[in-house]
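Only one chain is shown below, in structure tokens, and it's the form predicted on its own.
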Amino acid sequence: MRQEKYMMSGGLAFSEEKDLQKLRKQSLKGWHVKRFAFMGYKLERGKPEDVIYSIDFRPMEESEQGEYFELFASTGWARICSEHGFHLFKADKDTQPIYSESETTIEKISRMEKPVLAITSMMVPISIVLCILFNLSNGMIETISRWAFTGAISIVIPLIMTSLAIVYQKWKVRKKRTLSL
């Protein structure tokens, strides 16, 4: 029987809650997150547990991590893994959620939003310039700029979709907060 398996992510900007629920269901079956993997999670076989998961996004220096992880541990959240500023935690099912207030949830989304919007705002103009270049040139320059544009647009489209998803998540939290007031 295999001891590891891969679970694909729906994309944290698009379906963080669904991912966390899927991870919980896997833990109930005895499959626990070992680490992040390309576009998903690597799970390992163990004893079934009824735990909940939470993801926080907080880029930081290594020297800041100890205090940060201790804070979560003091509230019942154990760190599983970290990668590129994303930190995955698990806790007993009755543990208070990490993000239970709309203000802190918006702060988390804003932290994720900054790098995505920065890269998007850089890649969109580059793609436009490459598009203009390959449409106005010919020969080798046209060929190179066409390939560069194709590569850039294959990055820009997912970036735009992710940017829109993050903005939507932020809007959804704000709307929920407004309705609860």
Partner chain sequence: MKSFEQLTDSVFYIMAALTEPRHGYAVMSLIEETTKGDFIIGPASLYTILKKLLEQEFIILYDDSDTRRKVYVLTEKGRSVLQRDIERRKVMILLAEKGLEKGEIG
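Numbering follows the first chain given and starts at 1. All of these numbers come straight from a predicted model, not from anything done at the bench.
What comes next is about the form predicted in complex with the partner chain, which is not displayed.
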{"item": "Full three-residue contact with the partner chain in the model of the complex, heavy atom 4.5 Å, for 26, 38 and 41", "value": "no"}
{"item": "Contact residue in the model of the complex, from 91, 98, 88, 109 (heavy atom within 4.5 Å of the partner chain)", "value": "98"}
{"item": "Distance check, residue 121 to the partner chain in the model of the complex, heavy atom within 4.5 Å", "value": "no"}
{"item": "Contact flag, residue 136 vs the partner chain in the model of the complex, heavy atom cut 4.5 Å", "value": "no"}
{"item": "Residue 60 within 4.5 Å of the partner chain in the model of the complex, heavy atoms", "value": "yes"}
{"item": "Residue 104: touches the partner chain in the model of the complex, heavy atom cutoff 4.5 angstroms", "value": "yes"}
{"item": "Interface stretch in the model of the complex with the partner chain - options 60 to 68, 26 to 34, 151 to 159, 44 to 52, non-hydrogen atom within 4.5 Å", "value": "60 to 68"}
